[in-house]
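Starting off, we have a lone chain in the form predicted alone, written out as structure tokens.
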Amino acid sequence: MKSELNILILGGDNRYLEVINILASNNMNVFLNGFNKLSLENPSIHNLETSDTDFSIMDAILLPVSGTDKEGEIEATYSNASIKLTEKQLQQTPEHCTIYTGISNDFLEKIASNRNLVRLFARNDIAIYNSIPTAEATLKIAIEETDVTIHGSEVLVIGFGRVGITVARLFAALGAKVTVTARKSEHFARIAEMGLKSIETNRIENIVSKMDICINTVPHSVIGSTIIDQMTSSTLIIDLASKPGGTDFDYANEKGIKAIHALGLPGKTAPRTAGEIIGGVFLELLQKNF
């Protein structure tokens, strides 16, 4: 691997503190933009303002898990300044410079079209590792927001992807009566092997009236007015899907049903572990690519 890579971290939340430490301890030159609230003494860490950032020397750029918004604005927990990523900035980077982000959008895809763009949260390894703190945080919400035990509760997990599998397994381990929705025959087979009940996603309304907790992991509309109308007033909805989620939150509120859009749970409840996951995979990719 090329020694002393120049890595620019643009914004980020408390997870990125661990990422910064991992990179700095592995002989990386770490340039920060969006961390001016922090005082960092490691000589490998350079805390800069946007105007002082030399994009022409960067081997890689790490964006926040959320990437950018549709206008290029970047989340920066440790800065009061507005931080924005532009096409002009990326054009100043070397051709080999790779842009790493958690998730992407049309704006980022467009301005990074001439650079390699890596979506970290599209990777199976990060998604599976990240599902562990996500599931634990979901359990915490369920305990705090209901007046019954998880043991014996009827729990519906919508989606049998990387997060859905871990969530279903955790709630079942605590004695919840878990039903999982799926579409593929192999998923129904795996759900049965796990000792859980299953139902086709398009048949949710047939069973939702019996559910104490509904946990959605599907990033498109699945819990609409028709489904919500079948719920009891005590049903709790926990939506884990990325914005805008898969729940009609306004309608749920109108019907008096508590619906929580639980975004970024690993960063909120287990930032150190979440940072270790991101930092470990990011370092591995840098070592492979350089």
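Quick note: we count residues from 1 along the sequence shown, nothing fancier. Everything quoted here is computed from the prediction, not taken from an experiment.
This protein has a second form, the form predicted in complex with a small molecule, left out of what is shown; the following refers to that one.
Residue 231 falls outside the set of residues with a heavy atom inside 4.5 Å of the small molecule in the predicted bound form. Proximity of residue 237 to the small molecule in the predicted bound form: non-hydrogen atoms within 4.5 Å are absent; the residue sits far from the partner. The closest non-hydrogen atom of residue 263 lies within 4.5 Å of the small molecule in the predicted bound form. Contact check for residue 220: a heavy atom falls within 4.5 Å of the small molecule in the predicted bound form. The candidate stretches are 88 to 96, 71 to 79, 182 to 190, 143 to 151, and the one lying within 4.5 Å of the small molecule in the predicted bound form by heavy atoms is 182 to 190.
This chain is displayed alone, yet in the predicted bound form one of 61, 241, 252, 65 has a heavy atom within 4.5 Å of the small molecule; that residue is 241. Residue 162 is the only one of 169, 177, 162, 115 with a heavy atom lying within 4.5 Å of the small molecule in the predicted bound form.
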